[in-house]
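Below you'll find only one chain, the form predicted alone, shown as structure tokens.
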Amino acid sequence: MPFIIVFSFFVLSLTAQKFQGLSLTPPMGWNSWNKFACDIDEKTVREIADAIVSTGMKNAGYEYVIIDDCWHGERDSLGFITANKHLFPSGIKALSDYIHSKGLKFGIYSSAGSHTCAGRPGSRGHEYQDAYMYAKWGVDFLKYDWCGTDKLKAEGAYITMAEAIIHADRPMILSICEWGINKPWEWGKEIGHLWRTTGDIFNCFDCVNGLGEWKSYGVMQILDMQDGLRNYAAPGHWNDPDMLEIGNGMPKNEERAHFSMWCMLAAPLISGNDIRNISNETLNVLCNNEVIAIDQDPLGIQGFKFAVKDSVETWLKPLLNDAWALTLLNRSKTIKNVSIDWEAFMVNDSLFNKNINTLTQKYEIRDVWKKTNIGTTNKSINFAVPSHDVVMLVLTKTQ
């Protein structure tokens, strides 16, 4: 009998590396880092949770409230992590309970190294203790960073935390945040539910922010880094091009383009703004149900760049019931006129065995930002695509 018990434990450690059945569509929620960084406390998080409900973001699908770096206090005498008593005087469990009382889910942050990116205690050597505490607190989502990881191997470090979560016996989404350095898309499927594909995003549409050896990237730079990764994404495990900067100061046309392209990528939609002071314009971007439906389509197929002409990119994404999303992205600084000749429009997505042939099948066309039906593929159609903006369509088979 002892031999059987030991053997069953050994099998668990090799196979059960994450909770199954989670994140069947890309996770949606809010994270504190992009707007607040280390200026975060329990009062702010509670108010954000309230605002997610009152603004309608919860009804639109945003469900995770995630505290990023800087919530940590010290470890106690036994090595268990505690919260900063000045910033979170009620404790993490009370905050988690409050968020759950709103019908939302609670997320937290740590790093695989000895310290977090802001210098707080990391989980290295304390993975099982930390996972135990997260389960005790009612955590539903763990963002697990890669700072302080000298001489660690990424896959092994993330396996350790994934197994710690399994043994803590509470289902949690594990967000692998090692910035794409060790190609997590090649090994993350059995370990985590999403993995960062790049370094950090920052609040710019098309630029790079140099920070010594470390760089953060604008929306277009991160979009370009997704090339070649779509075959790794599927229900339960997603490419993560980082959190949304919508509501942090970009013009609304750029916010619309940012949101559209993340939805075409089947990316996690993690808002990073101050929802307590959200404008109606930003809310209309984040809560457009028809655009969100493209991201949350149950097929879980990531879109792809089909063509480029005169700074306008044509992107396509297969959807349920042989429908398609089509997005025209204008990356230039001037308006561009685009004509689509449906009689010559044929697409073969060999990776997922999906096809468009408008000679043999007609489609109804809907502009999902204008929420207007604009005809069928019976005839050519012309668009004026504004600078740093999109036209986003859904093509649905006619009967």
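Numbering starts at 1 and runs along the sequence shown. All values derive from a computational prediction rather than experimental measurement.
As for the form predicted in complex with a small molecule, it is not shown, yet the points below apply to it.
Trainee: Each of D206, Y217 and F259 near the small molecule in the predicted bound form, meaning some heavy atom within 4.5 Å?
Mentor: Checking in the predicted bound form: none of D206, Y217 and F259 is within 4.5 Å of the small molecule.
Trainee: Is there a heavy atom of A267 lying 4.5 Å or less from a heavy atom of the small molecule in the predicted bound form?
Mentor: Heavy-atom contact with the small molecule at 4.5 Å: absent for A267.
Trainee: Quick one: is W179 in contact with the small molecule in the predicted bound form, heavy atoms, 4.5 Å cut-off?
Mentor: Contact check for W179: yes, within 4.5 Å of the small molecule in the predicted bound form.
Trainee: Does M243 reach the small molecule in the predicted bound form if we count a contact as any heavy atom within 4.5 Å?
Mentor: Answer yes; at least one heavy atom of M243 falls within 4.5 Å of the small molecule in the predicted bound form.
Trainee: Counting only non-hydrogen atoms and a 4.5 angstroms cut-off, does K317 reach the small molecule in the predicted bound form?
Mentor: K317 lies outside the contact set for the small molecule.
Trainee: Of 370 to 378, 65 to 73, 48 to 56, 355 to 363, which is the one stretch near the small molecule in the predicted bound form, taking non-hydrogen atoms within 4.5 angstroms as near?
Mentor: After filtering at 4.5 Å, what remains is 65 to 73.
Trainee: Considering F106, Y134, Y109, W195, which brings a non-hydrogen atom within 4.5 Å of the small molecule in the predicted bound form?
Mentor: Contact residue from the list: Y109.
Trainee: Would you mind picking the one in E254, D297, D200, D140 that has a heavy atom within 4.5 Å of the small molecule in the predicted bound form?
Mentor: Only one option qualifies, and that one is D200.
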